[in-house]
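One chain is shown next in structure tokens, namely the form predicted on its own.
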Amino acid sequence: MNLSLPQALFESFSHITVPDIDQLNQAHQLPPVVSVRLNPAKPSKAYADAMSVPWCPEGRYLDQRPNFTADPLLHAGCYYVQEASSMFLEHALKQVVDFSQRLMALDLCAAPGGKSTLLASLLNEQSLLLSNEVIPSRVSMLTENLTKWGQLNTWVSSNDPKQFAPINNLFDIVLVDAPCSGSGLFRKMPDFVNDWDMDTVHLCSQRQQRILHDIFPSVKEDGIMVYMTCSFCEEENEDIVDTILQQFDVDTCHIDMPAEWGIIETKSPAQQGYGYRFFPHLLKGEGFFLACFKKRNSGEKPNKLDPNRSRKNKTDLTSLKPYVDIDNKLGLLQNDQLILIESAHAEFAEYFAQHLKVVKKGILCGKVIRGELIPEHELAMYTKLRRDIPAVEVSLEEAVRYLQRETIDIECPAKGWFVVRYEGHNLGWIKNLGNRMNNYYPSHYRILNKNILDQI
């Protein structure tokens, strides 16, 4: 690589000291670090023995970037390809949140889903995560990645932050992975350097402040708001920390960590708020910034939700019994499709529908026709799908052909629906009609590269 960092970036540092700028420049001549985070609910052999990311128990460093698209375990949701620095979110949250409690969480700028899948793995089943993305073209990727992760308590919405205004004092955790100028990702995306300038930084700072003002009322008292960027710039990091502490009723949160991790703790110039910086010449990861805040208790009344309202629209779950345990579960009908949610989340289904555009809630199970369930892909991805349902195990080549949505020639012991498994992990559905096998892998998820088998 031959990447020159903008001089204006270094000139913008006024209150923090960047350790050894020459080494920072040299680090940008090296390839970016490759890392993945394993799904604890879908344990597999994928990268289990690779080097661990220090601040994330499920994070793994890879020596080189493989062809992830050709790996069926990626499509099965066994791991997520995520930048290592951003996995620090787990370490921070574990210090400021009690995950044994029933929590309401919001990932406000969630696409493509890395931080949502991380947070989803920390929450218990009674908790609920709403993953939001305002840009419509990015919602489908977010939905796909959360579908693969396979949890019942992760919903998706598509709303501008200002549309959360009616939802006051509700979320115990709010993640704001704010749109930024992206200077921390120059090594991964060298073309960003050509479009980067301080005018963009100023615009991003203004947008970040608007987003924070829009969403802050939705944070519950004593709740945690986490602000993050992939920018090196003080204006988007420490200056925003000062803005938060000056304009909102919050306390800054200190995060303990070993010095050998190489993470730099900073303090904002005016309010001395804690922030945590990642530089690629000091650790194995890209540029990243994180700060945590706890909302003070001022006696604000929480939202009152009706836990029985959505139960009035519940539907029979008998057709799901062969597939999942329906205890403490609730079925909802949407466009003749059966949706499974936790009973504890019934109150939110109707409440969010009044205020937000929700594009996915719970698990979309399928349509019931004459008492038979025509299963949807989300059901196959669900981590709690019964292991004793009819299934066929396929080879690597068969799995890739299935993921290309091609016809696969495999033996099934009977007619009917079967879940396709690779190394014991579900990929999707097929139906054996006797004279042919129908492939029900979603066409919009399929592998488009017809020659991918030659690249394995």
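Keep in mind that this is a model prediction, so the values were computed, not measured. For every residue, the number given is its place in the sequence shown, counted from 1.
The same protein has a further form, the form predicted in complex with a small molecule, not shown here; the description that follows concerns it.
For a quick test of understanding: in the predicted complex, does each of Tyr80, Ala111 and Gly114 have a heavy atom within 4.5 Å of the small molecule? Checked in the predicted complex: all three residues contact the small molecule.
Answer with yes or no whether Pro161 is in contact with the small molecule in the predicted complex, where contact means some heavy atom within 4.5 Å. Although the small molecule is absent here, Pro161 would touch it in the predicted complex, with heavy atoms inside 4.5 Å.
State yes or no: in the predicted complex, is some non-hydrogen atom of Lys360 no more than 4.5 angstroms from a non-hydrogen atom of the small molecule? Output for Lys360 is no: heavy atoms all beyond 4.5 Å of the small molecule.
Although the small molecule is absent from this view, report whether Val134 comes within 4.5 Å of it in the predicted complex, heavy atoms only. Judged by the heavy-atom cut-off of 4.5 Å, Val134 is in contact with the small molecule in the predicted complex.
If we define contact as a non-hydrogen atom of the residue within 4.5 angstroms of the partner, is Pro217 a contact of the small molecule in the predicted complex? Residue-level check for Pro217: no, no contact with the small molecule.
Specify the contacting stretch among 207-215, 260-268, 277-285, 352-360, defined as having any heavy atom within 4.5 Å of the small molecule in the predicted complex. Careful reading of the contacts points to 207-215.
Which residue, Asp172, Asp177, Glu376, Glu234, is the contact with the small molecule in the predicted complex, using a 4.5 Å heavy atom cutoff? Selected residue: Asp177.
Sole residue of Lys367, His91, Arg138, Lys188 within 4.5 Å of the small molecule in the predicted complex, by heavy atom: Exactly one residue meets the criterion: Arg138.
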